[in-house]
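Quick setup: one chain, the form predicted on its own, written in structure tokens, and binding and motion questions come after.
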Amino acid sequence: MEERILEFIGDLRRAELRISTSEALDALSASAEVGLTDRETFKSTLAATLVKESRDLETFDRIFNLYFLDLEALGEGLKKALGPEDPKVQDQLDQVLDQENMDLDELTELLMRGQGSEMEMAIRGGAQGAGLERLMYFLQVGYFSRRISDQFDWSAIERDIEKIMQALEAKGLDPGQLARIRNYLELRLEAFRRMIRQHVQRELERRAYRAGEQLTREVLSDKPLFALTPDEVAQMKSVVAKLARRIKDALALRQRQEQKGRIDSRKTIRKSLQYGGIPMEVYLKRRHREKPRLITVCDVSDSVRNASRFMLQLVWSLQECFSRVRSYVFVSEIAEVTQGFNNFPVERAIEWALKGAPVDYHCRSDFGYAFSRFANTELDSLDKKTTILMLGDARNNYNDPQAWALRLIRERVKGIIWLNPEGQWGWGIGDSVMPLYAPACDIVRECRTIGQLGEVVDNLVHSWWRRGR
């Protein structure tokens, strides 16, 4: 069971749950204390040791059911799987086993007196040498079920059953009673075989789910944002949330490492002179890094609305990494939507920014007008600690691009990073004015997919704002 729990923890980590080695050890120790008798107690114990945030509970429950679905069969459910109980027959079997002092195979003893959990553990033991790691397709269920079955000595079980029947016959039981007892034993034997197949089917389901979830995430992460269906947009919200958490976790680890500081060799050597040159006291350099300020400016026209949705979600999930985050949306008119995130939950605030902000969502994009309005109204609030993260396709519908406004903004800030949801092949073609805006930007990146968006924001958090002015 320890191996099973460690596999379970591995899948939780792959699902973006942060679980340290000490927490994994706590889970093993706690589960050993409570045992497997009560499924809910076992589940609560693992949750208490492995889950830190309430939003992870849904993921924990889903993966727990894939790994430990068999625990639901304990008790009444598994008794039904083993066939109807017959107390009278069981008493007769117990008596003959006690009186005759028979030397029976371990599996025969299990079939005669064992509980469902004990049978399940025996199946898991037999599965260890069956190569279930190669289980990939439904057509393999029968093959691996036979491989697990081959781990048990069925001929010894049949011999034991015959010895038991002979002993019962010698005690004078009539043919009707003997037939009833033999049927009872055969039902339990058949139930055990069914449990083997069910175990393989559950393993296949678990592996297929893990592979399917990973494939879905990889496919959608590389799919152009404008091509996502409403259902795929809903799926990608959780992917973006996990991406943000991974970036935050990596940053938190790096910050903890930096807090320890690096060795200051000058001070260490100077202080060690009194000890004959032996560095008895080590001095560390500590660097204080101020959190940057971030302004997001998102085009929310129909062609790039999905990209804006995910960037707003990702940036606001990472706002702890910045001292201040302000967000603006535009089509032609530009409006600040920061207040929406102060008043609403993030999901609702994003919907409001994309549909309810004081801009005309149905007009034609005009980047030049939006930038000039921003420069005229917000220039005084900008400083060299501020990074502007711009998202838009730079398709200006042949309006005046007013590139001077972007150059003026650049003079007041640390830098401008432009993410374009359109492929580079389209930049400068038709009504695209990207080549006019690019010289005023420090970084210009194609950002057609969630994967590309995550890479850029990860670079922003870990590299860009860590540089000096």
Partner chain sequence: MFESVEEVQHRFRAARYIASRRISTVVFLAARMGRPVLIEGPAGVGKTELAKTLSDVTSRGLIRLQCYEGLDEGKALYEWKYAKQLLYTQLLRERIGELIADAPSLPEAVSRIAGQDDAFFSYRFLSPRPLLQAIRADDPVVLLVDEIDKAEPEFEAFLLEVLSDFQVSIPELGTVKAKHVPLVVLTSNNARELSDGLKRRCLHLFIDFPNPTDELEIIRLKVPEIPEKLAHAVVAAVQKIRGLELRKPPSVSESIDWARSLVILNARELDPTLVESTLTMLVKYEKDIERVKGALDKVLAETK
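Since the model is a prediction, treat every value here as computed from it, not as a measurement. We call the rigid core whatever largest set of C-alpha positions still superposes within 1.5 Å between the two forms. Residue numbers count along the first chain shown, from 1.
The same protein also exists as the form predicted together with its partner chain; that form is not shown, yet it is the one meant from here on.
**Message:** For the interface check, one of 382-390, 368-376, 305-313, 270-278 should have non-hydrogen atoms within 4.5 Å of its partner chain in the predicted bound form; which one?
**Reply:** Going through the listed ranges, the match is 270-278.
**Asked** Which residue among 362, 88, 171, 348 has a heavy atom within 4.5 angstroms of its partner chain in the predicted bound form?
**Response** So the residue touching its partner chain in the predicted bound form, by this definition, is 348.
**Request:** Counting non-hydrogen atoms within 4.5 angstroms of its partner chain in the predicted bound form, say which of 265, 155, 128, 343 makes the cut.
**Result:** Among 265, 155, 128, 343, a heavy atom within 4.5 Å of its partner chain in the predicted bound form occurs only for 343.
**Message:** Contact with its partner chain in the predicted bound form for residue 57, defined as at least one heavy atom pair within 4.5 Å: yes or no?
**Reply:** Yes, residue 57 is a contact residue.
**Asked** Contact between residue 441 and its partner chain in the predicted bound form at 4.5 Å, heavy atoms?
**Response** Result no; residue 441 lies far from its partner chain in the predicted bound form.
**Asked** Is there a heavy atom of residue 436 no more than 4.5 Å from a heavy atom of its partner chain in the predicted bound form?
**Response** No - in the predicted bound form, heavy atoms of residue 436 and its partner chain never come within 4.5 Å of each other.
**Item:** residue 432: touches its partner chain in the predicted bound form, heavy atom cutoff 4.5 angstroms
**Value:** Heavy-atom contact with its partner chain at 4.5 Å: absent for residue 432.
**Request:** Would you check whether its partner chain, in the predicted bound form, lies within 4.5 angstroms of a non-hydrogen atom from each of 23, 44 and 52?
**Result:** The answer is yes; 23, 44 and 52 each reach its partner chain.
**in the predicted bound form, residues of 361-375 near its partner chain [heavy atom within 4.5 Å]** = Residues within 4.5 Å: none in this stretch.
**Asked** By the 2 angstroms cut-off, has the C-alpha of residue 32 moved between this form and the one not shown once the rigid core is superposed?
**Response** It does, since the residue 32 C-alpha is displaced 2 Å or more between this form and the one not shown after the core fit.
**Asked** Is residue 270 one of the residues whose Cα moves 2 Å or more between this form and the one not shown, with the core superposed?
**Response** Where the cores coincide, residue 270 still shows a C-alpha shift between this form and the one not shown that is 2 Å or more.
**Request:** Spell out whether the Cα of residue 18 moves at least 2 Å between this form and the one not shown when the two forms are superposed on their rigid core.
**Result:** The answer is yes; the displacement is at least 2 Å.
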